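Have a look below at one chain only, the form predicted on its own, in structure tokens format.
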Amino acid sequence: MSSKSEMLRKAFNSPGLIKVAGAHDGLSAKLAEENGFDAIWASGLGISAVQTVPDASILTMTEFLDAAVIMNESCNLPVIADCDSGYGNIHNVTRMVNKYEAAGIAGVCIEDKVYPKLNSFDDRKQILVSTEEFCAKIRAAKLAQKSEAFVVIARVEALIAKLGQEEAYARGKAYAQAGADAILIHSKEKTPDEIIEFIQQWDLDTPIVVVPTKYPNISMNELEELGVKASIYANQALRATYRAIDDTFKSIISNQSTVPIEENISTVDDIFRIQSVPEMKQLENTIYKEYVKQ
């Protein structure tokens, strides 16, 4: 049986767009699998949000890793872990890769911002490290991995930091040459125009990854036609979860009962199914029947 890293590597080497679902826990990862996604993005924003802390390197690497492991164990899809800016310098990056790979995570993504970082959609000034410093982190990551299949994605934040296309391209090219397996180009513009401009000038074989959070009007087919290799739907599940829970609790309090929401929420049997309770019962029946026969 191939490892999940091999699954992810094969997906990057095969035709078609890799559809990646942002998840924040085991339940969201499992539902992503059931609905046809190809991989899981262990979202730093999502993991931070469920602990109600800012996505600003507040949680430790161990806390992010523990959350990614839960997602990995909850589904059969490869997990790409959002590892912020690598949790420090090259030595932190080395330890990060050792820990994540040993835990069975298929790949990691690190970004070229300072540590601690700010979420890309935070309106405060985004500060990037030098190209040379980030290339060193990429080289450290690739040197640390044990399996050739493990994937290291370099995230370019130059467009987020308003540094322009020339800087974004120069950084992306340098990161690819440093050994990154894919380049994630990020934008917070409301149209995909600057992402399309970047892609059209990209002349390296290193695959491109995008996160169309702010420009949702571009379809998967359009991204694939542009040559994008993977598209990450990073926080839609988190935002949907927030809205659903908030609306549910508001309804219960305002209506003094759960009657108005019962038709719109899952049944307990739905929850039992995703928890594998039927399989648990089947195992118990099998074990005890065999014991009685003896």
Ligand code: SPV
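Bear in mind the structure is a predicted one, so any value in this text is a computation, not a measurement. Note that residue numbering begins at 1 and tracks the sequence as displayed.
Just so it is clear, the following notes concern the form predicted in complex with ligand SPV, a form of the same protein that is not shown.
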| item | value |
| --- | --- |
| 43, 119 and 186 all contacting ligand SPV in the predicted bound form, non-hydrogen atom within 4.5 Å | yes |
| Ligand SPV contact at residue 155 in the predicted bound form, heavy atom, 4.5 Å | yes |
| Residue 39, heavy atom within 4.5 angstroms of ligand SPV in the predicted bound form | no |
| Non-hydrogen atom contact residue 181 with ligand SPV in the predicted bound form at 4.5 angstroms | no |
| 4.5 Å heavy atom contact, residue 67 and ligand SPV in the predicted bound form | no |
| In the predicted bound form, segment of 263-271, 24-32, 43-51, 249-257 with a heavy atom within 4.5 Å of ligand SPV | 43-51 |
| In the predicted bound form, residues of 50-64 near ligand SPV [heavy atom within 4.5 Å] | 55 |
